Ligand code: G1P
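One chain comes next, on its own, written out as C-alpha cells in the form predicted alone.
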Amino acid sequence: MKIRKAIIPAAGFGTRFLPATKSLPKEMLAVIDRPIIQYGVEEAVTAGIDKIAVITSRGKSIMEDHFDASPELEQFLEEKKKADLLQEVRRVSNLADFCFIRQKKALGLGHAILMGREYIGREPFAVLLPDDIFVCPSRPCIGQLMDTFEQYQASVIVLGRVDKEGTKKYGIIKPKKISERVFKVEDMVEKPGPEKAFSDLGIIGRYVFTPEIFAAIEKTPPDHRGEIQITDAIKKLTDEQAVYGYLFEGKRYDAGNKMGQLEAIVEIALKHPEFGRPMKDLLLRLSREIS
C-alpha cells in the first residue's frame, strides 16, 4: 500500500531554546530562510507524501498560518513586483494538504502520534520529528524508509550510528543484520547509556509505521514522568510483528539543540546557491582571526 500520509509531532514547549521559544514555537525558528518544520514537510512531500497532520498545542497557531494562503502578503508582493518571493510564498501554502490536531497535555511522543489515529485510519503512515533536518543527496530520508517498507511490508525506523554520549540521548536497538543497511529489530531500550546499550544504532527521528502501532501505543504504560514513549510502544509492536531499522544515507542535523541548529545553519548555508560563497568567505576570515 502506498504511503500517502504523515504525522509531524510539534506540541513540545521547546525549553532548550528559551527565552526565544517563550512566544515563538521552536518549530518556527529559522534555519537560513525557512522554519525548521518546513524542512520536514518538504522532505515528506519530495518523498511522495501529500497529506500531513501536525500535532500542535496551545500557542502554536502560527504554524497553521505559515502553511496557509496569505492573500494580503501575496497582493503586496505582486504590487511590488517581487515575483520570486511571491512564487515562494505560494509554493509554501500549496506544499500539501494539512490537518492540525491539538494535543491538550504533553504526554509524550507516543501519545502525540496516537492523536493522529483517526486521521490516519487503517493505512501505513510516516512520522517525522521536526527537530531533525536530514540532507540526503539521492533520496529523502523518509523516502528511504518508505522504500524499505515497500520491500518488507513492515514498520521501519531510521537508524544512525551514535557515540557513547549518544546512547544517553536516543533509543538504541538490538539488531539482527539483514543487509548493509537493513536490520531486524530484536529489542530496544530508551536512552540506556553506554553500559546497557545493545549496539551503536540509535533511533533518530523518522519512522514508517503500520497502523497496528496505535494499538501498541494504547497498551504502553506511561513512564516515570507520565509520558508514553514511542520506543516502548515499538518494543510492544515487535512482540506481534516484525519491525526493521534502516541505516540511512545522508547527513542529519539535530536542530532541536542550540549547537545542532548552529551546525545546520552553517553547513546548509555553505551549500546554498545564494549564501554559499559569502558564508565560505566569512568562515575563512573568522578562522584567520581566531588563529
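These figures come from a predicted structure and were not determined experimentally. So that there is no doubt, residue numbering starts at 1 and follows the sequence shown.
Another form exists, predicted together with this ligand; not displayed. Remarks below refer to it.
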Note: exactly one of G160, G116, P124, G205 sits with a heavy atom within 4.5 Å of this ligand in the predicted bound form, namely G205
Sole residue of Q229, Q38, S57, T238 within 4.5 Å of this ligand in the predicted bound form, by heavy atom: Q229
This ligand contact in the predicted bound form: E74, any heavy atom under 4.5 Å: no
Non-hydrogen atom contact L129 with this ligand in the predicted bound form at 4.5 angstroms: yes
Residue contact check: G171 to this ligand in the predicted bound form, 4.5 Å heavy atom: yes
Using the partner position in the predicted bound form, report whether E190 sits within 4.5 Å of this ligand, counting heavy atoms only. yes
With a 4.5 Å heavy atom cut-off to this ligand in the predicted bound form, the contacting stretch among 229-237, 46-54, 30-38, 60-68 is 229-237
For the stretch 1-28, which residues lie within 4.5 Å of this ligand in the predicted bound form by non-hydrogen atom distance? R16
